[in-house]
Every structure is written in C-alpha cells, then in structure tokens.
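Next up is one chain by itself, shown in structure tokens, the form predicted on its own.
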C-alpha cells in the first residue's frame, strides 16, 4: 500500500489558496475510508478548513492493530468551499490469525474506496439546526478471488449515507462539544474488506467529541455493522480517541478500538493511530 505521504508533495504543488476561514478542527479527521469525520465514522463536515471560495487538499495514514489483524489505510481528500468533498482511500487488512490457522492464503485483503460528500444545509456552529451532508462511497475489492473466498457475493458495491453534526461552543463542561449521527445504507462486509452482499442493510453510526482546549480533543465513536457473512460473525465497531491539532496543517490521533469478532476470532481490540497532513 503506497497511498500516503508521498502524495503530500503533489498536493503541496496545488496549494495556491490557503484555507483559513473555519475553526480549528471543524473539518474533523480523515477516517479509515477517507471521508472527513472521526476515525471510524463520517461527520457532516467537509474535509479541511476551506471557507468561501477556498479549497483544501489533505492526506492521511492510519493503522488499527489488534494483534491478530491489522488494518492499514492511506487516504486523500479534497474539500471545496466548505460545500463539497472528494476522497480516495485504500484499506488493507492483514490476516495473520487466519494465515497461521491455515484458513486463508498469506495475502492481505485490499479495498479501494472512492467517496463524495455534499453539504446539504444547516451550519455546524451557528443556529439551532445541525449541519447536514449526504455521501456516496463506491468500493472495490482489489482481489475478487479473495473476496469470494471470504464468502462474499460480489467484489464491488457502494454505500449511501446521511449525516447530521452540530458543534456547541459552550458544551459539556463549558467546552466545545461536537455530536454527530449518521444513517447508512450498505452492502459491504467488513467495510468491503470481505467483499459485498447481494442484500443491503441500514446501519446507524454516532460520534461525540469534546475539545479539552483548542488543540486537543477527546472522543468516542460507534459504528453499527451488518452481519451477513455465513462464515464469520460481524460486530459493531467502536473506539475512544485523543487527537492533537497543533495546526491546521497537522492532525494526530491515538485511540483504542474494539472491532468485535473478525474472521471468527472474537475480542479484536487494539490501538488506533492516525497522522494527517495538508499543505
């Protein structure tokens, strides 16, 4: 997986317009699927800090490691005018536990995600109504035979989601507080890493984050997941994280993720690390 920091050189050559019109952190982090939000869940925010007539380019690299499995992601995103977002992510799942048990070949499950998000209305900070955004994520397994071996019906599919997010300046303990709720229609098994189903499911996702000060925030996330594979149970994912935002150009996050059961191995829990940069 080569998507990541090498792309920053390309993005920096395009940084003709600096984005400085929004609150620090109001664009969230790039998730494991490339969309702006938390580590696991998209929010109704647009990536970066672009304001009226501005755009942002971002890149991130992240890893979730439970010991038995590891999920590595490289992602790119473009945010325009605080209105539209385009993203690309390559997710790669290591299968050490299944390989050692002779249940899977010594390969990684790789999936590409191409995403688009449109801010529909509302405002993240001002007014009573939350900010609303709709998103589309098209996914493709990079090895159709491995997806079939995992028990999938297809090697590609798509998700559609609707998110609502709100940031209160005087929130919990008089600190900036963000809450987000996402409703998703998906045909993906394990985010598409285990292929796709002929059936669709409706899932619910949520996030809550509190800014300890302008440069630090702590949050918690929940991501509902479908459970359609006959070969192995699929559980909801959750995490708690601490993010450091030293500037608009660098965001770092460290967390603890609970991925439930993967490939028939329950109790998959481990650390989550994400580094994000922009020109």
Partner chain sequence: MSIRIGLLLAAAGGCLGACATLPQASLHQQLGGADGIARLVAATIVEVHGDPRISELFAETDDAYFRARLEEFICQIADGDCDYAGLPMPDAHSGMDISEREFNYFVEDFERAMNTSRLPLAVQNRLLARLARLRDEIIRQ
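Residue numbers count along the first chain shown, from 1. Just so you know, these numbers come straight off a predicted model, no measurement behind them.
There is another form of this protein, the form predicted in complex with its partner chain, and it is not shown here; the text below is about that form.
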Subject >> in the predicted bound form, residue 123 touching its partner chain (heavy atom, 4.5 Å) >> reply: yes
**OP:** Would you check, heavy atoms only and a 4.5 Å threshold, whether residue 52 touches its partner chain in the predicted bound form?
**Re:** yes
Original post:
Can you check whether residue 175 is within 4.5 Å of its partner chain in the predicted bound form, heavy atom basis?
Top reply: yes
**OP:** State yes or no: in the predicted bound form, is some non-hydrogen atom of residue 214 no more than 4.5 angstroms from a non-hydrogen atom of its partner chain?
**Re:** yes
Original post:
Which listed residue (170, 145, 106, 198) meets the criterion of a heavy atom within 4.5 Å of its partner chain in the predicted bound form?
Top reply: 170
Original post:
Picking from 52-60, 249-257, 233-241, 37-45, which part of the chain touches its partner chain in the predicted bound form when contact means heavy atoms within 4.5 Å?
Top reply: 52-60
